[in-house]
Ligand code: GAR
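Here's a solo chain for you in structure tokens, the form predicted on its own.
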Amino acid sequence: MSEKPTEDEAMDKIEASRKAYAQARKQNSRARTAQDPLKIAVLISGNGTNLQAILDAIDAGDLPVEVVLVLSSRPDAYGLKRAAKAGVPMMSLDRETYKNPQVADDIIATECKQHGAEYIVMAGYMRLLGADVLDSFPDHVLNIHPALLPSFRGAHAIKDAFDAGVKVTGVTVHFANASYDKGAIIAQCPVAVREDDTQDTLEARIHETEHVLYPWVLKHIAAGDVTLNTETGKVHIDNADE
């Protein structure tokens, strides 16, 4: 039986993985085309409307991206049907698997790598990703949040913003890290809260905004326009007006 690696050995392995991935990212730093698309894995938990928005943008020729895997945290997620219709490889994990988060994360990291994903894109994925995934895809895991972070973090952002009586909320796309909804912000889009809004009407407009913003961010990532300063935690986007 092999000995369990020490903490220092484990950290050295993680750092080596990060450096190797950073080098691969540098080598692959090029503007993508439909013939040379950016490969992403999309993580979902439910209806998959953001997944559909990405697939629609790809089909329209507006997004040089290939979805190489859709992975769901729920076997009954409707988003899996969207993946099946689009002919995208898919899989799901169940509650039993998530009882050990490290096992779940190891499966996710392994499957995404085996399918050739360069980025992991969380699209309504309602679980926190751990170190196994984040260290396997350093600064290459995205999330979308239905509020203007850092305001209204958490799973009930739309309700929280509506109940707070704010006049403007919105959508944020950010890099994911080990802290829930605290990664570096890539892009945001405001959504005004109208006087006659209900929570449902506000939610509908927020989702409409998500379906525009996520493909926009992915398009700029594919173009090589997005740069994360790991020292300041700030993101710069070239050609952001396009």
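The shown structure was predicted, so the numbers you read here are calculated from the model rather than taken from an experiment. Start at 1 and count along the sequence shown; that's the residue number.
What comes next is about the form predicted in complex with the ligand, which is not displayed.
Can you tell me which of 182-190, 202-210, 62-70, 30-38 lies within 4.5 Å of the ligand in the model of the complex, counting heavy atoms only? Answer to the contact question: 202-210.
Ok, Ala131, Met126, Val166, Ala84: which has a heavy atom sitting within 4.5 Å of the ligand in the model of the complex? Spelling it out, the residue with a heavy atom inside the cut-off is Met126.
Note which of Pro75, Gly154, Pro150, Pro101 lies within 4.5 Å of the ligand in the model of the complex, where distance is taken over heavy atoms; exactly one does. The residue from Pro75, Gly154, Pro150, Pro101 that makes the contact is Gly154.
Heavy atom to heavy atom, is Asn177 within 4.5 Å of the ligand in the model of the complex? Asn177: no contact with the ligand in the model of the complex.
Check Ile144 for me: does it contact the ligand in the model of the complex (non-hydrogen atoms, 4.5 angstroms)? The answer is yes: Ile144 has a heavy atom within 4.5 Å of the ligand.
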